[in-house]
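Shown here is one chain on its own, the form predicted on its own, set out as structure tokens.
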């Protein structure tokens, strides 16, 4: 008996924060996000796997210098860009990631390769060796905007007084994609350039199950202040609550209520196995957008501390 086809669902984000103006305003950001949906959703309709759709969506977001991942990543205190990304295939419940990798256009590609490796999370040196092994071309993700931002911060000895003057406030930039494919498989991917101006060697939540997690029941990608996401183990917490029997809506409501009580600053996008979509934030802005199979929508004008849920 053939399995019943499911309406694919797709949700993406380009970070969380306090201001849209640094990225060109709401309509510019909406156009950037919808462009990704318009390219990736048809792949799902044509039978692409959730994993392949997530990887392609992450690549497109990494290539957009408006977002802090891939091209346009923020700069660490020593003037270097170090990026992290992870991928989780919910169907087989497999996590992979690369931490603090440099000189690559799409860190999500390393995470994809590592899905089939015995060693599935590599740090800076190991990631650099993998780049050579895969013969990926050397790529400089630095943009003039990020270089100028770093130079302004350097004037104040990286006390973050200038953070947000040139671009968005440091510490909240990430991109992420969650997808449900026509076979009912879920996947999540998250990628980031990090906080910006951080201590060398700092590790982002984006390469941890705290920030990116999926099972056969739900998939979640987080963005915001990484340390807050780690403290809450947010992505894994939401997914596990759904796996244990809560609805996606209830899992999001409980997790965000707990987070707000502890004054956390972050956002999350999610899909469950039924195709329900949920987005939440404690930050001022969540740069999220979704395709539910009928139409596109976004979270750009969502009020602080609220949830969007589409069954």
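Numbering follows the first chain given and starts at 1. Note that this is a predicted model, so its numbers are computed, not measured.
Omitted from view is the form predicted in complex with a small molecule, to which the following refers.
A.B. asks: Just one of 138-146, 125-133, 204-212, 85-93 has heavy atoms within 4.5 Å of the small molecule in the predicted complex; which?
C.D. replies: In short, 204-212.
A.B. asks: Applying a 4.5 Å heavy atom distance criterion, does residue 195 contact the small molecule in the predicted complex?
C.D. replies: It does: once the small molecule is placed as it appears in the predicted complex, residue 195 has a heavy atom within 4.5 Å of it.
A.B. asks: Contact between residue 225 and the small molecule in the predicted complex at 4.5 Å, heavy atoms?
C.D. replies: Looking in the predicted complex, residue contacts with the small molecule include residue 225, since a heavy atom lies within 4.5 Å.
A.B. asks: Within 4.5 Å, heavy atoms only: does residue 97 come near the small molecule in the predicted complex?
C.D. replies: So residue 97 does not count as contacting the small molecule.
A.B. asks: Should residue 239 be classed as touching the small molecule in the predicted complex when contacts are defined as heavy atoms within 4.5 Å?
C.D. replies: Heavy-atom contact with the small molecule at 4.5 Å: absent for residue 239.
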